[in-house]
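Next up: just one chain, as C-alpha cells, the form predicted alone.
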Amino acid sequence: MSSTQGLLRDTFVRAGVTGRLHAVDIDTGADVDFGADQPVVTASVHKLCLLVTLHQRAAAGALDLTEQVECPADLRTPGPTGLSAMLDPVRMSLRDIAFLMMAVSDNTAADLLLARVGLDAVNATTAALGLDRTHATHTFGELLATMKEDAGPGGAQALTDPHVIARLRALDPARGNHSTPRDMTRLLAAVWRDEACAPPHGPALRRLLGLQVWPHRMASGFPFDDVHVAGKTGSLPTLRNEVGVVEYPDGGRYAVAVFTRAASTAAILPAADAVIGTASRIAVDALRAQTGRAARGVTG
C-alpha cells in the first residue's frame, strides 16, 4: 500500500466513514485510485449527468435553454432548497432551472429538467461518453418515494434507525442510480476538455459547477483564494458524496470523485463532510508531487 493509500485509509477511518475515491490529473492522466471501480450510489451527483444531457440536447437544437417552464405549487419534489422549498407557482427558463439544480441541488428543478429531456436520454448520454458503470433508474421524486415506502410508518424519524437504513433501496447501488468514482472523474475530465459539450455549452457547464454554494465538503480541503473548486454534492441518509474539479493558478487541474458512507446514522456529522475535502487534498497533493508541482505554497 502506498503512502497516499495509507493516508486515505486512515483519514476515512478517523472520520467514521467508508470512502471510495478517484482523482486524476486532467492533462497528464496520472491518477490516485482508492476503490475507484467500486459501484457507488450517486444521489444528487447524478444531476451532473442530467446537466450534460440538457446542454447536449440544446447543442443539437432539440431544445432552447431560454424556454419557459411552468412549475405549479402542487407539483414539487420534496427537498430543502430552491423550488422544492417555495410555496407559490413559478415560471422560469430551463437554464435558470439548471442553475438551481446545480447551485443548491434543487430536487424539483432536477425533475422539471428530467421531464423535459427524459431519463433515457440521460442514460444515453452517459453511455455515449463511455461511462459503462453509470446508470439512472429513478427520477429524484421516485428515489425519495422509495425511501418513504421503505421507511414505513415511522417516516423520516425512522431514518436514524440502523435497521431501517439497512433496507433502503435508495442506498443500494444495485437497485438505484449508480456510478463509480472513475466514471465520474471521466465525466468531469470530458466537461473540462470540452469533449462532453463543445463551446459555448462546455464553459456553461463549468460555470454552473462553479456556482455550487456548499463549502463544507470538497472545497474545505482547499481554503485558498487562488485555488478554485467546482463540484456537485450528493447526500442521502449515511451517504455524503462530492465530485468536482480543483484548479490551481499554475494551470494544474484535477478531477476528483469522493463517495462516503458513515457508520453513524446521524444527519449532522461535520467530520464526515470535511473528510471529503481532506481526502481530496491528499489525492491532489500526491498528483501534484508526481509532476513536480508543489503540494503546498502555490498560494503564496
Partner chain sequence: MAVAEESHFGRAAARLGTAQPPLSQRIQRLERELGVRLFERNSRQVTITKGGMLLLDEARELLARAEALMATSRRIRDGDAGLLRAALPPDIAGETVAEILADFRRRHADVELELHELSTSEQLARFASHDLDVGLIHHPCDVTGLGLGPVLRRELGVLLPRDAPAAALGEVPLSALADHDLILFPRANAPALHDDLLTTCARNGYTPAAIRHGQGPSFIRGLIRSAGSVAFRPRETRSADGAVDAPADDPEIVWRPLAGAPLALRSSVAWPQGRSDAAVTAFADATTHAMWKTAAVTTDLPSRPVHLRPAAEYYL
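What you see is a predicted model, and the numbers here were worked out from it, not measured in a lab. Residue numbers count along the first chain shown, from 1.
The following text describes the form predicted together with its partner chain, which does not appear among the structures shown.
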Partner proximity in the predicted complex: His216 to its partner chain, non-hydrogen atom cutoff 4.5 Å: yes
Thr18 within 4.5 Å of its partner chain in the predicted complex, heavy atoms: yes
Contact flag, Ala127 vs its partner chain in the predicted complex, heavy atom cut 4.5 Å: yes
4.5 Å heavy atom contact, Leu144 and its partner chain in the predicted complex: yes
Candidate stretches 92 to 100, 202 to 210, 188 to 196, 166 to 174 - the one whose heavy atoms come within 4.5 Å of its partner chain in the predicted complex: 166 to 174
Whether Ala58, Thr139 and Ala230 all lie within 4.5 angstroms of its partner chain in the predicted complex by heavy atom: no
Partner contacts in the predicted complex for 268 to 291 (non-hydrogen atom within 4.5 angstroms of its partner chain): Ile268
